[in-house]
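Single chain ahead, by itself, as structure tokens, in the form predicted alone.
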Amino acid sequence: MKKIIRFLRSMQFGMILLVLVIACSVAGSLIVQQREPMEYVNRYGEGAARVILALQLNDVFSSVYFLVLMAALCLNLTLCSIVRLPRTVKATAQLLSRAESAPVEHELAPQQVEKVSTYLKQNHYRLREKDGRKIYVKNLIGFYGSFFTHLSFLLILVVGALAVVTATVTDQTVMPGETLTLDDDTTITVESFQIEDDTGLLDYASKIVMRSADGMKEAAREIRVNEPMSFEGYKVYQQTYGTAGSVEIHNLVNGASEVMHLTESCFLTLDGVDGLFFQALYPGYVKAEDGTVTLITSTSGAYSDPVYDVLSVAEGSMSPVLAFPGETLTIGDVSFTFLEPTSYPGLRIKHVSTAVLGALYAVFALMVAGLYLCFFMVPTAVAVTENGYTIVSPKPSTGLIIGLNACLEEEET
């Protein structure tokens, strides 16, 4: 049993887990997550899609094996930090004990001994006297650097998991040029959206601007799949996309006009009787030699030759119409001008509470403090007697020795 526990808390086991977690994280970053199976077939091919779905790489961070890895890593860090704490406490007592009994390593004249004591005091070493021996100590808290570092890694996993569990997730579609107001009055403005880049390659990108509720903070960024934007506890992802029909409705009686975006079937009317029934928007068409038109029903890119499939409803009769951008259809006192379709993004908005976010920042601060203690706060004890001094430290004390030698040489000159 002891061998099992020793392995579970070993650095080798921890490194293996970290490598596996990093590998899963890289896969989750490179492969779009939580999409329909057909999208993986379109993106990566049927063979690769089968592998992705079989290994749950389409939802890595919720997969069973990733959760098991995280639980094992938590166990490893717990054993490394909590179980080793008594050893850390003993290390301080052992350092002092060694300093009290260690033989003199650097013999000095009486006046040099006093010079060494003065130097140590000036460099903030604390004095402890026992059995006629002066023990100057510094950075004893450095023993706890490893403990704080391991503890911070554990807390990062725990608080990070809490952030994932407690985060609120909403999906919203926003037309370019429109502004979405969130529950706390933070706003998201979609300035532009594209399905393809300038070369015609697929590139789903939204340029968004976020403003805080008080208007004091603002940030802009172009987001893509797996390239979200973070702002004031929010993370906004480019999740989906769509293409809406755009129709300018003009009232011929009073001159009023309005542009409407059409994402689903609807009846556009002023009097509830006559009007335009929008059925569907098609991305393109093929025209045969005899003049017949075959509609293209799907595309993975932008709509190259969009076609509006509508019904003209007037005086109790309905007439099917295929309309193209730039055409105008007049029904009674209303004209309908078909515009170029509008591509729009579907945004996934995640929000983490301020308390959890603050806890996460605090844990990162603890990790930085732990690493600082490990590398820059080296526990040191200097035993000074009437014959000389001895340095006791878990790491080489080259800097201290150089400083003491320089101090003594300065006295001689």
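In this text, all values refer to a predicted model and were calculated from it rather than measured experimentally. Only the largest set of C-alpha atoms that superpose within 1.5 Å between the two forms is called the rigid core. We number the residues from 1 along the sequence you see.
Not pictured, yet referred to below: the form predicted together with a small molecule.
> Can you pick the stretch from 27 to 35, 340 to 348, 61 to 69, 371 to 379 whose heavy atoms fall within 4.5 Å of the small molecule in the predicted bound form?
Single hit among the candidates: 371 to 379.
> When the contact criterion is heavy atoms within 4.5 Å, does F153 count as touching the small molecule in the predicted bound form?
Contact check for F153: yes, within 4.5 Å of the small molecule in the predicted bound form.
> Residue-level contact is defined here as any heavy atom of the residue lying within 4.5 Å of the small molecule in the predicted bound form; does S146 satisfy this criterion?
S146: yes, in contact with the small molecule in the predicted bound form.
> In the predicted bound form, is there a heavy atom of the small molecule that lies within 4.5 Å of any heavy atom of C80, even though the partner is absent here?
Contact with the small molecule, yes.
> Does N76 reach the small molecule in the predicted bound form, with heavy atoms at most 4.5 Å apart?
Residue-level check for N76: yes, a contact with the small molecule.
> Pick from H261, R84, R221, H250: which has a non-hydrogen atom within 4.5 Å of the small molecule in the predicted bound form?
Of H261, R84, R221, H250, the residue with a heavy atom within 4.5 Å of the small molecule in the predicted bound form is R84.
> Is L276 among the residues whose Cα moves by 2 Å or more between this form and the one not shown after superposition of the rigid core?
Comparing forms between this form and the one not shown, the L276 CA shifts below 2 Å.
> Taking the rigid core as reference, does Y308 move its C-alpha 2 Å or further between this form and the one not shown?
After core superposition, the C-alpha of Y308 moves less than 2 Å between this form and the one not shown.
> Please state whether S146 has a C-alpha shift of 2 Å or more between this form and the one not shown, with the rigid core used for the fit.
Indeed, S146 is displaced by 2 Å or more.
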